[in-house]
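The form predicted on its own is given below as one chain in structure tokens.
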């Protein structure tokens, strides 16, 4: 039986920014419940929620102080249960974000560790100073700036934090940590959730002797990227744990496990693929090469081919945006963005793999950095102006053209997009030629044609800036051709008169039957009996 997630379109929701039901300027669970009919109409199969657990919000939920609760900003456990129930009634699954590399410094585990509680004292990674407390245990850097070590006067020792000092890393070499983590998964499975997205899962285990990371000479960007992260991530023990966790989840039903693998531009997608193991670790991992790829036929073809080759028999995921990256439409340049958005939608929803869409992509929300005084993201606050943070891709969802974009009754936690009066859900739903309707048609087409869900893919050589691939399952064969250029291009596949054009990104384009207009994409169904 095919797992539910293989054919799924998963919609990622950043809860703070989706819809504010109680009017306090912060999105909440009741807001998501009120928009379930919208999501059902769009056609998505599952919702991935960024963290909604109790948290001091130093990193907006990725600093968890209670894995089995709901932060009051989002509602309560009754709201969470209602969301799960109502989503299931509409045929949609729920995927929870799980942050297991670190907790908040306000988590009871960390507080107990500070008191030298016998059970919890080794739940985190502590090292006493060698000679002086000013000398850190090694040269590891925090991804959010500075040393990865922070001195704590109460323990008279350093603790490790791969991100903020308020996010101490758990010690996964302590078997009690793994035991507690699996109990947390079981807690949420009992609530009815259908899967988990694991944050920076490849950071769980660190080198037991805490060896220095080698320097990367000529490194650019953040100081974190000036090192080869040989000893603070990608340890073999992580693979062994993921195998145990996979068995644990498989014994509990058809439960999705998808992992964020932290790797930089000096590595390849093979790093991400490796954490799927031999179909015995994570079900899915994310390929960030697709988010970094240049908007060209050759670059996208190469990124896809490398991904499929690296995965082997493992199943791919396809995504072009998330809460940590600039939005996809703004990475393509300012010229002809509307046409380019349609091409990216066609690529995401017709390539082989589980599709993950980021909220607002269906209406073409753009990357819009906020002013310095409005920055909320801790990474943006630390690195500004070299790096302006992730707030630009986390702005509130634009529902209508009212003062606050229909997101809230008052000023929101991040400013609403200045483009909200023109680029919003209501306006696009009223326009049958809008991007929103195009996404809806694509998702419906994917549900109708099994080969787009679980069929094989063949990537053909790029010709004249056209990304061309076929999807096939049995006698069902579809040809997808995307002209990723500002000039007309010849079709690499000339449709047979009996072939059916299932979707055209530019139905009004004045193009010849054998030619694609600039930034035009088409999907043809090959007639049975005709030759490719």
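These figures come from a predicted structure and were not determined experimentally. Positions refer to the first chain, counted from 1.
The discussion below concerns the form predicted in complex with alpha-D-glucopyranose (GLC), not included here.
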alpha-D-glucopyranose (GLC) in the model of the complex reached by all of 53, 55 and 169, non-hydrogen atom within 4.5 Å | no
Examine residue 323 and determine whether its closest non-hydrogen atom to alpha-D-glucopyranose (GLC) in the model of the complex is within 4.5 angstroms.
-> yes
Could you confirm whether residue 45 comes within 4.5 Å of alpha-D-glucopyranose (GLC) in the model of the complex, counting heavy atoms only?
-> no
So in the model of the complex, does any heavy atom of residue 107 sit within 4.5 Å of alpha-D-glucopyranose (GLC)?
-> no
Using 4.5 Å between non-hydrogen atoms, is residue 395 touching alpha-D-glucopyranose (GLC) in the model of the complex?
-> no
Of 232, 260, 391, 289, which one comes within 4.5 Å of alpha-D-glucopyranose (GLC) in the model of the complex, counting heavy atoms only?
-> 260
alpha-D-glucopyranose (GLC) isn't shown here, but in the model of the complex which of 158, 438, 163, 124 has a heavy atom within 4.5 Å of it?
-> 163
So which of 348 to 356, 455 to 463, 380 to 388, 198 to 206 is the stretch with heavy atoms within 4.5 Å of alpha-D-glucopyranose (GLC) in the model of the complex?
-> 198 to 206
Residues within 4.5 Å of alpha-D-glucopyranose (GLC) in the model of the complex, restricted to 46 to 70 and counted by heavy atom = 59, 62
